[in-house]
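Just one chain is shown here, as structure tokens, and it is the form predicted alone.
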């Protein structure tokens, strides 16, 4: 098992190295965003997934790292003590300092109060940033240029990609090593039972501040890489959307599993890159995906993969293959029905279509969708997505029943989806 994981990890790293060779420059730029989002999500999960401290304002430390790097780029011109490849150290240092200060206040409370304090600190920074032009450049922001260093110009996406890849891999390695240290073990203790740690003699507040600061430090590195890629930073980087996005990516991937946030950030970054040009409803799809994951896959996509792999090893993938195929068919039907219905409604209620209907003067004109014309007054137009959804739910129930039947006749293991609402009576795994 360990050898398999190492092989998959090395294969993934090898695939990342080949990205500039195999993909176009626009996709390489998307891959840079994916790497940065992955590191940011992993830094966030150290605090939220391992430490049990849900932060609603982590974009603040990401943004602080970005602005510190842009100022360092202008001050050192990529030479002297801080050549361009070492600039993320500035973001790390600034993230650590700000994380220590903010963490000292925020970790005075726990639970929802901690979350509200982190949100308030981030919103305070977002509100102040446009007025502090010396630090944040006002509404125009601060810009700079990547300077050559070590024989590299850093003028192409390929060089920036490899610089980002090295920093992300090193940072993820350090984050993993941190989980093996005594402080990393105490981080899990904060999540499980902080009061017991206090009874054992640990200073819970000090440990919480250190974990918060380390998480902010790696968030600062991610922000620094973003500044290097964009060669600019603007106060909108502190917006709540950045904090919400890292939260969604982490939970979709699996916030309690080390590489889960990396998986979630990578998938959602490419999802946004591919889908945002195809539909105006892509944010709605991201929200629906998050709801589905939270309802049926509480441990995220990485948790689903772990569950399926464990079931396959115990029961045999051959026995589970029919159920997996049914799950795949159900997913396709549900996705097709949802996309069809959302796109149909989006076009039907759009202002352009309403204006066209008024100008037409002969009722509702057909709606162009998926290369065909659909009459909005025809029953079939609306029945198709509804039938697809009904069929998807039926196949999903069948798949879940077959899965439960297989595991009940073998060793008891957990079902891949938390789909208890449709499980047959007595069908708990």
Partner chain sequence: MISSHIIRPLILSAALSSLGGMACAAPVKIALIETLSGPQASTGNTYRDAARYEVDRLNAEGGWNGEPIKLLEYDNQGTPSGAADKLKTAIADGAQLVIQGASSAIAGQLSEDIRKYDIRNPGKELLFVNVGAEAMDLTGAKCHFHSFRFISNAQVKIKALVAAMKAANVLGTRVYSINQNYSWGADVQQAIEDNAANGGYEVVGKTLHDVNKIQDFSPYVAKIAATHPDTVITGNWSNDLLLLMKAARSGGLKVRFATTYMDQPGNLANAGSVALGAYVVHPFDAEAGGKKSEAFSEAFKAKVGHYPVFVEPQTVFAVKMVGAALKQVKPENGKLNVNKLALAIEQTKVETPMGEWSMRAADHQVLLPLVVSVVSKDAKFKVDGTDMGFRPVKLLTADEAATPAQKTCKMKRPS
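Positions refer to the first chain, counted from 1. None of these values were measured; they are calculated from a predicted model.
What comes next is about the form predicted in complex with the partner chain, which does not appear here.
Student: Thinking of the partner chain in the predicted complex, which stretch from 154-162, 307-315, 107-115, 191-199 has heavy atoms inside 4.5 Å of it?
Tutor: Going by heavy atoms within 4.5 Å, the stretch is 154-162.
Student: Work out which of 76, 273, 86, 178 lies within 4.5 Å of the partner chain in the predicted complex, going by heavy atoms.
Tutor: The residue from 76, 273, 86, 178 that makes the contact is 273.
Student: Of 288, 342, 145, 328, which one comes within 4.5 Å of the partner chain in the predicted complex, counting heavy atoms only?
Tutor: The option sitting close enough to the partner is 145.
Student: Find out whether any non-hydrogen atom of residue 241 is located within 4.5 angstroms of the partner chain in the predicted complex, and reply yes or no.
Tutor: Yes.
Student: Is residue 187 close enough to touch the partner chain in the predicted complex, meaning at least one heavy atom pair within 4.5 Å?
Tutor: Contact with the partner chain, no.
Student: Would you check, heavy atoms only and a 4.5 Å threshold, whether residue 203 touches the partner chain in the predicted complex?
Tutor: Contact with the partner chain, no.
Student: Answer yes if any heavy atom of residue 141 is within 4.5 Å of a heavy atom of the partner chain in the predicted complex; otherwise answer no.
Tutor: Within the cut-off, so yes.
Student: Can you name the residues of 263-295 that have a heavy atom within 4.5 Å of the partner chain in the predicted complex?
Tutor: Residues within 4.5 Å: 272, 273, 276, 277, 280, 282, 283.
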